[in-house]
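This document opens with one chain alone, in structure tokens, the form predicted alone.
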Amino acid sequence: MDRLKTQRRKRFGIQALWTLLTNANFTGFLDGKLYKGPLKQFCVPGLNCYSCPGALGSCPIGAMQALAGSPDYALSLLVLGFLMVVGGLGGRLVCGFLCPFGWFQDLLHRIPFPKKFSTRRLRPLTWLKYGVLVVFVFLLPNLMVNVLGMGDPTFCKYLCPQGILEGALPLAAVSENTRAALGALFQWKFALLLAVVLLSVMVSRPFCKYLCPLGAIYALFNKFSLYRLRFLPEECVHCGKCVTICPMDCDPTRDPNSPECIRCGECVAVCPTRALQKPKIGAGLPDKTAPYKGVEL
């Protein structure tokens, strides 16, 4: 249990520090002005709204939509290449450690409340996020274009609760013009944010599990990213602790690098026999004859 507490404290610290660093334009929260310096042309790996007054970088999902329909295909490929590099290195490690909205949901889940509802029976709904990725990030922004040929950022505009949390609410708090401009779309997205907040108190990371298109992209890399968990089946005593503790409803004994795994490390921390292990960077290539799943780096 001490290992679990240590792992949780370490991950919490990294999440907090990363959120602080990527939203370090503190004066923006006071004057309601967005940072538009040179750093804003680069993407951050997690879901962090461009319109947040503290944001120093751009959201990769927002950037992809903003470039939809644009003749500047080089920039579109640059964003896609960024996601491929990040995904290839760690897969959904980003979701577990470097996503501000993931951290927000983790904080909400710490609120004392009976956690009796199991989402394992809802596992088929995890496919929804891939539909959101295809329809709202790729298809609609390329089909719904204006007279200038620019796509409509449909996910950011209609589904992303992070835009309300980090963008609309802080800006409305300090800007009368922003408050006056709020309408039906704000009300819809605020209701969506409220639903995510309430669900996050009861179950772990509902947005990450079912709706996040960024998580869907990184999930595609989990099986072959450089960072992968190592499972030693001969050491497993089938106690079930890793299955019970997993916030994403994974079974590490069946698939230690499931597309749903966010690399939080809690399964490794509770394993009594060390059958589950984190990658050991610099340990060399794995022995292909070794009877385990995953890769030791």
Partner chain sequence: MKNSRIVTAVILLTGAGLMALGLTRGELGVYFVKSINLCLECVGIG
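Residue numbers count along the first chain shown, from 1. Not measured: the values here are computed from a predicted model.
Although not depicted, the form predicted in complex with its partner chain is the subject of the following passage.
For K129, no non-hydrogen atom is located within 4.5 Å of its partner chain in the predicted complex, even though that partner is not displayed. At the 4.5 Å threshold, heavy atoms of G240 stay clear of its partner chain in the predicted complex, well away from it. Using a 4.5 Å cutoff between non-hydrogen atoms, K189 counts as a contact of its partner chain in the predicted complex. In the predicted complex, its partner chain lies within 4.5 Å of some heavy atom of S58.
In summary, among the residues M144, L125, L77, A173, the only one with a non-hydrogen atom within 4.5 Å of its partner chain in the predicted complex is L77. With the partner omitted from this view, the residue of M84, M202, L107, V135 that lies near its partner chain in the predicted complex is M84 [heavy atom within 4.5 Å]. Only one of 268 to 276, 247 to 255, 22 to 30, 42 to 50 lies within 4.5 Å of its partner chain in the predicted complex by heavy atoms, and it is 42 to 50. Contacts to its partner chain in the predicted complex (heavy atom within 4.5 Å) from stretch 221 to 244: F221, F224, S225, L226, R228.
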